[in-house]
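Next up: a single chain in structure tokens, the form predicted alone.
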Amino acid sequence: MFEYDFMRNGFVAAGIVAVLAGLVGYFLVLRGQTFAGHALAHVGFTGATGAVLVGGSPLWGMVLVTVAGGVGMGLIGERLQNRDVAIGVVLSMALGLGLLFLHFFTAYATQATALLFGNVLGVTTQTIFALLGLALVSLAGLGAIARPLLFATLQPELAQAKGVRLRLVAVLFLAVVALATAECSQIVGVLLVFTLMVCPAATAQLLTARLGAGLILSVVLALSQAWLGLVLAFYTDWPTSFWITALSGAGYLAATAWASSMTRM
């Protein structure tokens, strides 16, 4: 399997993205903003297709638009909560605009499929370096705001009374989420961002309430699911995104059953 360049590149890219998704996704689930990651992925699809339309890089188009969308969501602040219908309308419009962009360049239908469902086996060395750079920036940003972010997440009223600027923390965090979402889209696609951004983190939080253990477990789950998905895809010739999604879903269902059984005991 590792005799092929595309498999080696796939493992490296999936590893970078899985570590970032496991860490960022943990805070995303903890803050109850999982829908934000899904929303940013759809908005990013518009940016990626728009970049293709003007001859640019889909990755950087997605990064630019998702960061802008994340900052915008952060500025909305608490008003973003309980507005699923409004967010759904925005998502539909963003996806429709992306499809409109593709209408003008039908030759890029293959790229559209890769954006929607991911194509980790098509990752180039240049893309790996781009993903690594984005991951380092994202992790540095997450590390810088980790303490106020956790404080604002668990005790927002007390954090605000202590001088924590909740709006600023929300903006910075969603900017980090936007970068992580853009990276995840390169591996599992726009439609399956939940796979790496949410499932491992949600599973980890079902299995342990400790912050440190939960973060480590979230990363381990995301990494193992991404790599095992690549292995299964190689030997079955089934899509990698399917296997990663199936493994993530199975892990979450198993953790849910275990948590339920422990509650009844």
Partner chain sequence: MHKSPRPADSTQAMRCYIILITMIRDRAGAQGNAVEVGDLTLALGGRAVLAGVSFTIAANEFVGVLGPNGAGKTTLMRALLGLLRPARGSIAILGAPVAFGNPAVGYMPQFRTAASGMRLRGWDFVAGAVAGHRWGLPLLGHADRAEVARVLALVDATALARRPLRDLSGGERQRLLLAQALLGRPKLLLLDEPLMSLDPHHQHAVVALVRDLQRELGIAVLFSAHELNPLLGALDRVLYLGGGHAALGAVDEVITGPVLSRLYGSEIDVIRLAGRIFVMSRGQAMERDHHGHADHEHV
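Since we're looking at a predicted model, the values are computed, not measured. Positions refer to the first chain, counted from 1.
FYI, the form predicted in complex with the partner chain isn't displayed, but the following is about it.
Candidate site formed by Leu30, Gly143 and Pro156: every one of these residues places a non-hydrogen atom within 4.5 angstroms of the partner chain in the model of the complex. The shortest heavy atom separation between Leu136 and the partner chain in the model of the complex exceeds 4.5 Å.
Although the partner is absent here, Leu75 sits far enough away that none of its heavy atoms falls within 4.5 Å of the partner chain in the model of the complex. Put simply, Gln205 is close to the partner chain in the model of the complex: some heavy atom of it is within 4.5 Å. Taking non-hydrogen atoms only, Ala51 never approaches the partner chain to within 4.5 angstroms in the model of the complex. Considering the partner chain in the model of the complex, the lone stretch of 207-215, 223-231, 62-70, 33-41 in range is 207-215 [heavy atom distance within 4.5 Å]. For the residues Leu132, Leu172, Leu121, Leu97, the 4.5 Å heavy atom test against the partner chain in the model of the complex is passed only by Leu172. In the model of the complex, the residues of 147-175 lying within 4.5 Å of the partner chain by at least one heavy atom are, in order, Arg147, Pro148, Leu150, Phe151, Thr153, Leu154, Gln155, Pro156, Glu157, Leu158, Gln160, Ala161, Lys162, Gly163, Val164, Leu168, Val169, Leu172.
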